[in-house]
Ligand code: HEC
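First, one chain by itself in structure tokens, the form predicted alone.
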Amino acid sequence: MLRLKIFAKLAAATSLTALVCMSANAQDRISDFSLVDADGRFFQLSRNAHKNAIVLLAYDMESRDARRAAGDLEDLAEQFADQQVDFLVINSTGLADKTVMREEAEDEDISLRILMDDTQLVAEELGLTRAAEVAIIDPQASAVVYRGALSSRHADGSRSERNAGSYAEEALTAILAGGEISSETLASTGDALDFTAKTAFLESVTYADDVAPILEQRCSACHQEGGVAPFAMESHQMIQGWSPMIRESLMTKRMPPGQIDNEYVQAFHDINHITVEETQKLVHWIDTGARNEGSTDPLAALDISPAKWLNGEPDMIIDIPPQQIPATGVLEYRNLVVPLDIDEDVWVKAVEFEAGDPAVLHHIIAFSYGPDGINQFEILNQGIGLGAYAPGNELNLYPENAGFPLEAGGGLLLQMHYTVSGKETVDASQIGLYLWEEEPEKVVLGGSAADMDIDVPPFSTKEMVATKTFREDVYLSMLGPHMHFRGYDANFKLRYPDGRVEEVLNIPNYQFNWQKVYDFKEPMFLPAGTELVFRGTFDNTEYNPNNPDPSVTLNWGEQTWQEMFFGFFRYTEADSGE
């Protein structure tokens, strides 16, 4: 832990302006940041505030110095194994392919966790400029307290002719003992990190031609007047005022919401995503003052009036009975029975939900029942039924030539979950059904891999796994993880009958406030005997910013301060011979 003497020195020597730090110097404050590692797991600086120090080594696969330094860093990690110090490798070359990095780690026998700085923005934040360079961070103070060569073996310059020893070890020892860190540091002998790929285009970034189009495409759907976001992106002045928050959201991967691993963006419909280049442009534009040096403001001229229904006008609109929502209190789930006025069977090909009051409507799950009434066993076997609403998940799509049957004389059973907002309101939501004109070839089916035996002790993390085996050949068309506030990450893999394992969806930073199901663009064929493996992590520590109470033991429950563990899926049966 950085002692008071060192922290006072930091406070006196540095300042933070507008939450922007282009290039930190040693003992400089830095912004919070998040990265995904080579295994697809999430790392956020602020969620490691309980550590005494975090040591990061800049890595370049082309650098012999970096490869040697990685081995020496592993030795140093063993020395401080019981000191609450994390030792990490950070690839800041712009490499985005995690498979390549995993192969490199195996070839070079690197067992340390490797963070993927694909935008190179974290390297800039930390002031890393050379391969094999080390940055030591005090996560409690959000400060770089040492930057330079790992040891004399990797140092350039003099320092009494590079006297023998590990400079990083000296710095860590001083930090843990509450002593002073030597102000004399030496640069790494590693090659300079190459930032030219992005600096070439960043010099010409403008608000009108570059920034506004990104915000329009990636953000304005929510950031509009009356939208679910806290402010409307309606002018340059508004963007400039909110620019520190926009930067923080990008650096911590908090926005766009519900991001999945970049490897799977192209596999699913309607994914919230921002590219590496777009992130670089936005952050650097903000860091240089977030100015509009032109005479036009595209956002001010933008007429954001989206259609009420994302998928076009529905064939059938169902008005959910208005629900009175009190200002305060705990609200139990409401199960509404809504008969359908249809005199013949129909087949649904897509479902869309229109929230009446998004401020209080947490979710809707729409199940169906037939003319004989509600059968709980049938309801349980529907998975998430026709579809589900949660913020960010209004539209539910089915595979081509597949549909969900609704029988004449039947209706819908709606599970409604509300939270209070501090004022009384009425929620009058709607459901839009899109119908096939003729009976489709396949029936949409659903289910879940679930575990209700949840037991997570206070101030701890716990990983859980649930599985589901398909007894027949099927086409998998949708996946949807569901946990509550302590959900940290989520992952789906397939274990085939021949033993092969394939990852099909990874969500490094699970966000309960942005529930989403993921519809495959092309359903996956699964032979009989394939096992779906749903893995998730619960973070019940005080370092989880969403945790309402880390002192309680987590168990199964319907309320958001309790927990659930569902890996929902949707599928169709395969024809014989497929």
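Only a predicted model underlies this, so the values are computations on that prediction, with no experimental measurement involved. Each residue number is its position in the shown sequence, starting from 1. By rigid core we mean the largest C-alpha set that fits within 1.5 Å across both forms.
What follows is about the form predicted together with heme C (HEC), which we do not show.
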So, in the model of the complex, is Y333 in contact with heme C (HEC) at a 4.5 angstroms heavy atom limit? no
Quick one: is S249 in contact with heme C (HEC) in the model of the complex, heavy atoms, 4.5 Å cut-off? yes
So, in the model of the complex, is P230 in contact with heme C (HEC) at a 4.5 angstroms heavy atom limit? yes
Is there a non-hydrogen atom of W436 within 4.5 angstroms of a non-hydrogen atom of heme C (HEC) in the model of the complex? no
Interface check vs heme C (HEC) in the model of the complex: of P314, P391, G487, P508, the one with a heavy atom inside 4.5 Å is P391
Contact residue in the model of the complex, from W242, F195, F201, W309 (heavy atom within 4.5 Å of heme C (HEC)): W242
For the interface check, one of 266-274, 334-342, 133-141, 424-432 should have non-hydrogen atoms within 4.5 Å of heme C (HEC) in the model of the complex; which one? 266-274
Where, within 512-527, is there a heavy atom within 4.5 Å of heme C (HEC) in the model of the complex? Residue list please. W514
Core-aligned C-alpha movement of R218 between this form and the one not shown, 2 Å or more: no
Is there a C-alpha shift of 2 Å or more at V420 between this form and the one not shown once the rigid core is superposed? yes
Does E394 show a Cα shift reaching 2 Å between this form and the one not shown after rigid-core superposition? yes
I want to verify one pair: K253 and T419. Are their C-alpha atoms nearer or more distant in the model of the complex compared with the form I supplied, knowing the change is 3 Å or more? closer
In the model of the complex, shift in Cα separation for Q217 relative to G392, 3 Å or more: closer
